[in-house]
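A single chain comes next, written as structure tokens; it is the form predicted alone.
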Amino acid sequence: MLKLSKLTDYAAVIMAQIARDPDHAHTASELAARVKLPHPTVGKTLKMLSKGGLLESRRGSHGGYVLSRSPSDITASDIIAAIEGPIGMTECSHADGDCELLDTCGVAGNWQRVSQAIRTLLDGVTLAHLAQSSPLKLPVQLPIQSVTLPSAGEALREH
């Protein structure tokens, strides 16, 4: 089963909660109470999201966490990458991936296309979308044939 960790799920919930009131600095205690998660879990998640560049921490009496950019400029793939690391189906799907079978497997290019299609879809879902209560409208079919892979040099520059 292809599945995100609970921490990534919690990160999306916490980010959506912050996005619903982006002008307010949110404390870990406040967020834990609102999303009904343990305070230590929320604190850990907030630190990871900050380290990933998605949140900024403000000190002082009106301190807390705020989004580093607009909810429409933060994608689902940004949230996943902040918690899980780079998105890819297999080791060879990453620019810095290390697979000893790469020269002989015969499927690396196709797995890379699948990974790129998933990243493309996740890049199209923003935090603003996730924060809405209405269901997302996603494309019914993502044409994998149209997915182009970056050259090795481009892939390394992206990361």
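The shown structure was predicted, so the numbers you read here are calculated from the model rather than taken from an experiment. In case it trips you up, residue 1 is the first one in the sequence shown, and so on. Think of the rigid core as the biggest set of C-alphas that the two forms share within 1.5 Å after superposition.
Just so it is clear, the following notes concern the form predicted in complex with the DNA, a form of the same protein that is not shown.
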| item | value |
| --- | --- |
| The unique member of T120, T90, S68, T27 whose heavy atoms fall within 4.5 Å of the DNA in the predicted complex | T27 |
| 4.5 Å heavy atom contact, S50 and the DNA in the predicted complex | yes |
| Contact flag, G109 vs the DNA in the predicted complex, heavy atom cut 4.5 Å | no |
| Interface membership of K44, the DNA in the predicted complex, 4.5 Å heavy atom rule | yes |
| is_contact(K36, the DNA) in the predicted complex, heavy atom dist at most 4.5 Å | no |
| Residues of stretch 34 to 66 in contact with the DNA in the predicted complex (4.5 Å, non-hydrogen atom) | P38, P40, T41, K44, K47, S50, K51, S57, R58, R59, G60, S61, H62, G63, G64, Y65 |
| Core-superposed comparison between the shown form and the other one, G60 Cα displacement 2 Å or beyond | yes |
